[in-house]
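There is one chain below, alone, in structure tokens, taken in the form predicted alone.
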Amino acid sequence: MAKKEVSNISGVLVKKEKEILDAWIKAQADLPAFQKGLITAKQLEEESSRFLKLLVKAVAGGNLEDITAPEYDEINKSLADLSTSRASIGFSPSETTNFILSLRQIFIRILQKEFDDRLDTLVNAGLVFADLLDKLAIVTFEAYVKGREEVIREQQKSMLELSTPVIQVWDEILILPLIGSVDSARAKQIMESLLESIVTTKSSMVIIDITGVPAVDTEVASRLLRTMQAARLMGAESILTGLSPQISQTIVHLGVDLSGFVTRASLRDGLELAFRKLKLKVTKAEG
């Protein structure tokens, strides 16, 4: 790369920094994300100003090709933080990448004004700067994807926790109502939540209700058995409830052995049994 192009780009960035920043912010304000209120005008201005200053500083060193060099460390970190933040608040990939691409368009227009009488200088400097920002746009997109994946993982974790509530209905009695399919990830969450609750509440009875589980195959039955066995090791007896005639037939057909565990057809029956085992009695108050 000719030093002349680097000098031209660096010089224009320094000379026209305020003009570039103002035009860049205005261009970004047209984004749907800004219109929807995902980011405030103040945030947009602060992020743009911070990045532009970092870019001016990095380019001043004369390197416009290798963005893995130390002078670009702050820029790469800034883009990673920005992309992760925007992924978490609902920006689309194109809206996030546009942070860089819109700057490229603004700067090319500034270059045209500066070198309209020197076509070679305009073309060379424009190509060099466009290539640099294309590389930074890729960094932005990759960081966005990574940030979005992290957001999805956290959402999935939260959904698993919400879908496996362990409810203490009485002293020493826990109920775990299951709704939907039970895959390996959810089975792991079920066991962890249940065992933690047994320890926390010092419960001795656990009612696992599968009324809301649409189908039970060998794998699901095996996971339920392991959960009840783990509860037993923690000192809690398990009662499996919600066994419909269809599920009961399926379990028998599959040859799943539930003989070591107590089962009941309904949650009400299971709760009644738990009360009897703990020598508890619920009576209707007079009057």
Partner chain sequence: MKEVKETSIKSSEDVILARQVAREMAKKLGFGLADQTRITTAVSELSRNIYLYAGTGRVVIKAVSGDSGKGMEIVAEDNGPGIPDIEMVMQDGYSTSKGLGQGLPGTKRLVDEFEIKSKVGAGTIVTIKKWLR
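Positions refer to the first chain, counted from 1. What we label the rigid core is the largest C-alpha set whose atoms superpose within 1.5 Å from one form to the other. Predicted model, so just to flag it, every value in this text is computed and none were measured.
The form predicted together with the partner chain exists for this protein as well; it is not shown, and the discussion that follows is about that form.
Relative to the partner chain in the predicted bound form, residues L38, T84 and K146 are all farther than 4.5 Å at every heavy atom. For the chain shown alone, G212 is not a contact residue for the partner chain in the predicted bound form, no non-hydrogen atom being within 4.5 angstroms.
Heavy atoms of R232 never reach within 4.5 Å of the partner chain in the predicted bound form, leaving it off the interface. Within this chain, R226 lines the site of the partner chain in the predicted bound form, having a heavy atom no more than 4.5 Å away. By the criterion of a heavy atom within 4.5 Å, L174 is excluded from the residues contacting the partner chain in the predicted bound form. V256 is the sole member of V256, A60, A29, V262 with a non-hydrogen atom within 4.5 Å of the partner chain in the predicted bound form. Listed stretches are 235-243, 61-69, 218-226, 45-53; the contact stretch with the partner chain in the predicted bound form is 218-226, by a heavy atom cutoff of 4.5 Å. Of the residues in 66-99, none comes within 4.5 Å of the partner chain in the predicted bound form through any heavy atom. Residue displacement note: P245 has its CA displaced by at least 2 Å between the shown form and the other one (rigid core superposed). Comparing the forms between the shown form and the other one, the C-alpha position of I67 differs by less than 2 angstroms, with the core used for superposition.
Relative to the superposed core, D131 shifts its CA atom by less than 2 Å between the shown form and the other one.
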